[in-house]
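Just the one chain here, laid out as structure tokens, in the form predicted alone.
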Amino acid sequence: MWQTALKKVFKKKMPLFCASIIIFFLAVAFACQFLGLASTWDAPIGAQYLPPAFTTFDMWLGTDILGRSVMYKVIQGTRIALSVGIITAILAAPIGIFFGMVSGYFGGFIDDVIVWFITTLSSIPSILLIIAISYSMGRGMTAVYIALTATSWIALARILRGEVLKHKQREYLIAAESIGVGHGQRIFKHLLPNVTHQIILSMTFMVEIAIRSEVLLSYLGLGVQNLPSWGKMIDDAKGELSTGVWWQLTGATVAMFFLMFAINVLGDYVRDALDPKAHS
């Protein structure tokens, strides 16, 4: 199913284009993390607020108030954004899958308790909860990971609960139960493959929301510290526009736009290709 779905997706130009963008961003983040790309982002390369110039790579987006390369800061911001997005999705997805599958499959008292817990968390505005957790744990990457993970699994759990409740009434699961198939096999062999498309779509949104939340936290001064996050760059640039310095804001927002666009569009195409209803 996966091979057929991926072939169907990448026959089209738009998802192929979006996948290329994501691969490019991932390659940049990998090069930052392991190959030292833009590692000298905090070293001045010239006078303050030099405009963009194509003389050298580090001058493509000019310099900031301290004479540092804005291009290098955007590249480092890519590493931070993808690290936060991917790690948050990896940590939050198993929690959402567990609670959603258990709640929908077993029902009864277990379902009531899980639904109460999810509803209670959902009643709190997610961004306020993220800010509260991040603020209480102190600034830094670890606090960001924990804060985003604590809130990102909720939507996936609710979606999977609804999907499992629907699938429980279908013939294939009733037949499996009638021939004595155990709970584990019914969940992992029958239910889980039929909700994979929802998990993929939800993880796509997790990555996107985590990146946007990290940008917002950094903008508010509650995110990563002493690193060139896109949110920190936007915060630094808000007072620069009045003086005609536009390149720091432009670099951060354009990079964020292309990454968000590519993740959303590709996620939608993969979701549609994996949706069992599309093949019925």
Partner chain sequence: MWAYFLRRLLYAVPILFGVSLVVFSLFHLVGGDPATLLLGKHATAERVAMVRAELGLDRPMYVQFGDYLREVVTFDFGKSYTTREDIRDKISHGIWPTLWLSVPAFFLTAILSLSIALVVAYFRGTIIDRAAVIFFVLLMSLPSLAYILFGQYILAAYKGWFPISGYGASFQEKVYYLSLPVLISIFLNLGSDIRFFRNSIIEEINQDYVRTARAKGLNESLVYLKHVLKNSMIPVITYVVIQIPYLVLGSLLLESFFSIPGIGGMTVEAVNNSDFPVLKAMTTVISVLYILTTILTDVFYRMVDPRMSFGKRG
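Positions refer to the first chain, counted from 1. Just so we're clear, the structure is a prediction, and the values are computed from it rather than from any experiment.
There is another form of this protein, the form predicted together with its partner chain, and it is not shown here; the text below is about that form.
Q: Even though its partner chain is not shown here, does residue 60 get within 4.5 Å of it in the predicted complex, heavy atoms only?
A: Answer no; every heavy atom of residue 60 is more than 4.5 Å from its partner chain in the predicted complex.
Q: Taking 4.5 angstroms as the cut-off for heavy atoms, does residue 53 touch its partner chain in the predicted complex?
A: Result no; residue 53 lies far from its partner chain in the predicted complex.
Q: Is there a heavy atom of residue 241 no more than 4.5 Å from a heavy atom of its partner chain in the predicted complex?
A: Contact with its partner chain, yes.
Q: My question is simply whether residue 14 lines the interface with its partner chain in the predicted complex - judged by any non-hydrogen atom within 4.5 Å.
A: Residue-level check for residue 14: yes, a contact with its partner chain.
Q: Quick check on this chain: which one of 102, 86, 115, 200 has a heavy atom within 4.5 Å of its partner chain in the predicted complex?
A: Of 102, 86, 115, 200, the residue with a heavy atom within 4.5 Å of its partner chain in the predicted complex is 115.
Q: Which of 119, 178, 169, 142 has a heavy atom within 4.5 Å of its partner chain in the predicted complex?
A: The option sitting close enough to the partner is 119.
Q: Select, from the options 63 to 71, 38 to 46, 25 to 33, 230 to 238, the stretch whose residues sit within 4.5 angstroms of its partner chain in the predicted complex by heavy atom distance.
A: Result of the contact check: 230 to 238.
Q: So which residues in 202 to 219, when you check its partner chain in the predicted complex, have a heavy atom no farther than 4.5 Å from it?
A: 212, 215, 216, 219 sit within 4.5 Å of the partner.
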